[in-house]
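In the form predicted on its own, a lone chain appears below as structure tokens.
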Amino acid sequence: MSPGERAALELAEAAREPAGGGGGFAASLFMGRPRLSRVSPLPRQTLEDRDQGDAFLERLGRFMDAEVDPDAIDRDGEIPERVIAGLSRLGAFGIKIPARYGGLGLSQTNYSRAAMLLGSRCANLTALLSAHQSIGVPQPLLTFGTDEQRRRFLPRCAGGDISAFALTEPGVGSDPAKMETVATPSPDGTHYVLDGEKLWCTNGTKAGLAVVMAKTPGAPGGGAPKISAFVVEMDAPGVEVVQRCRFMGLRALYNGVIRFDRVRVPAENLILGEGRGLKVALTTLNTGRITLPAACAGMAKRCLEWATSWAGERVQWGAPIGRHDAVAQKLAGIAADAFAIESMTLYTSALVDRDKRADVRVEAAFAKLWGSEAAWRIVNETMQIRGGRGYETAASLAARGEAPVPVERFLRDSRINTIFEGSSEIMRLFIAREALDPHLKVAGAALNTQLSTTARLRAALRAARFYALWYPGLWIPRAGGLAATHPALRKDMRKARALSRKLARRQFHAMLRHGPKLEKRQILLGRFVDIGAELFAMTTSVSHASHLLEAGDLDPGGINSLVSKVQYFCKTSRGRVAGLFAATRRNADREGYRLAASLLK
């Protein structure tokens, strides 16, 4: 590795939390031993928790209908102060903040349900509230803050004092080793002096507080600088909003360039400790990522309403266009994918509710990756179904006397979701690292040239013993373990389990074929990740549907429709998996890389 590559890797690995309890369900998919008992039955929301969420959602929905004009917000590029004040009165800035700090104290599941509602109406408000609570000051302090920090800052956040998150810099995206913002401790240890510039700081132009990542000095004797996290008062001397950034969508996003020029930050505003900032950032993003697929689920369900309605009323060639196969297949895909996004989101949210410190990094990353990409397909297909009326703005449609369906706005606003909080490419690398982690624990030492020959030989023998038992088991079908799955869907769950074994085998074969160079084969690793994401979508969809069917709240027509929808989704998902498996063996990756290299010259 180059020094830069090694520095980036060491920094990321130092902040990485080892998986506890053998890893979660999502990670187990890559080892061919999916822990189905962790996903089925789906963790249930209690009646009390559900009632609390229903009450808040009812108030939030009424407010959105009466007070919010999403098209006007998009047109003006501003969220009216009366809307922000109204949301504050509802408690929408403190949904998960405990009541003792002035918040509503609702669960992660209810928070995700609120994001679904917001995502079905106004992406700008979704971004405002999500950035404030999911990655802004509340989440880091709820997870890592001291009692004193929580008492000082959480009541302000719950009361509507908007917070922001500042990590990215003009020259730094997903490689924090290159971070240039520095926090220098004062000689007396009472404060730090913050200098630097942050880019794309969401909520930064309107925030009263921000979580800021900065380099702090390393250990005495020349230790490498570490990254630390601070709560910064945005009205402190030396804090400057250099520019508000404008975008293709989310036109009312309060996102900007923030400069810090010798800003004094009290030492008590340090979160978790010096050098623990990247852990704060990564853990915060793990939980915060759940909000994105939640909002995508709400948007997808709204698109399904619009697409279905139009396909039923628009007549071409003597029949509603929804009766024509080309459009009918689009409708089926939208319905199935929307259900899958919701299932992934609710499952991951339930894990957080069951254990606030649960390791959901892979589940959240899967939901974010698959959910945001599926949502983009959904809104794109919705526009295609509506044709010119999808491309036309809501205002223009209204001026012609037609229903102002804002598909055009939804498409612009949803494009960022595959980039926000870790692009799809970064998510695939992140998940691939987690997928390989069990193998690195077993065999990594055998490949480490910095260890002695004796140590490497011992590690190789341990690895040989492990693989001598593990690999043959991947060829043996497993029975049982599906009691919690609805009988009509057990076949789909069994096939998902079998595909998990095949995924583990193929990934292991790739490790043998490429060795340490596998980390450079990012597209190949991405295909394995995409297979895992499809399996996660299948299993959570089956589990969610089984829960709904067991609850008995559906009429016979609804039961048949739900079963058909999930069976259809699983079949189409298996088709995508078959294509991904084929591409791991037959592809044009080498030719593509050579072509790109010639273009870069």
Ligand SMILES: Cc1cc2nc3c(=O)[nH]c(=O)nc-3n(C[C@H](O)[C@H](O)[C@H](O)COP(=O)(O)OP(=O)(O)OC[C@H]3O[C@@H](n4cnc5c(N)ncnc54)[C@H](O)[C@@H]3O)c2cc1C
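Source: prediction; values computed, not measured. Numbering starts at 1 and runs along the sequence shown.
FYI, the form predicted together with the ligand isn't displayed, but the following is about it.
**Q** Give a yes or no for T168: in the predicted complex, does one of its heavy atoms lie within 4.5 Å of a heavy atom belonging to the ligand?
**A** Because a heavy atom of T168 falls inside 4.5 Å of the ligand in the predicted complex, the answer is yes.
**Q** Report whether the minimum heavy atom distance between G208 and the ligand in the predicted complex is within 4.5 Å.
**A** No, no contact at 4.5 Å.
**Q** At the 4.5 Å heavy atom threshold, is I426 in contact with the ligand in the predicted complex?
**A** Result yes; I426 sits at the interface with the ligand in the predicted complex.
**Q** Is there a non-hydrogen atom of N255 within 4.5 angstroms of a non-hydrogen atom of the ligand in the predicted complex?
**A** It does: once the ligand is placed as it appears in the predicted complex, N255 has a heavy atom within 4.5 Å of it.
**Q** So if I measure heavy atom distances to the ligand in the predicted complex, which of the stretches 351 to 359, 286 to 294, 415 to 423, 385 to 393 falls within 4.5 Å?
**A** After filtering at 4.5 Å, what remains is 415 to 423.
**Q** Using heavy atoms only and a 4.5 Å cut-off, determine which of T126, Q133, T109, T202 is in contact with the ligand in the predicted complex.
**A** When the ligand is considered in the predicted complex, the option within 4.5 Å is T202.
**Q** Considering the ligand in the predicted complex, which of G86, G173, P217, G322 comes within 4.5 Å of it through any heavy atom?
**A** Selected option: G173.
**Q** Since the partner is left out here, which residues of 559 to 587 would have a heavy atom within 4.5 Å of the ligand in the predicted complex?
**A** Result: empty, none.
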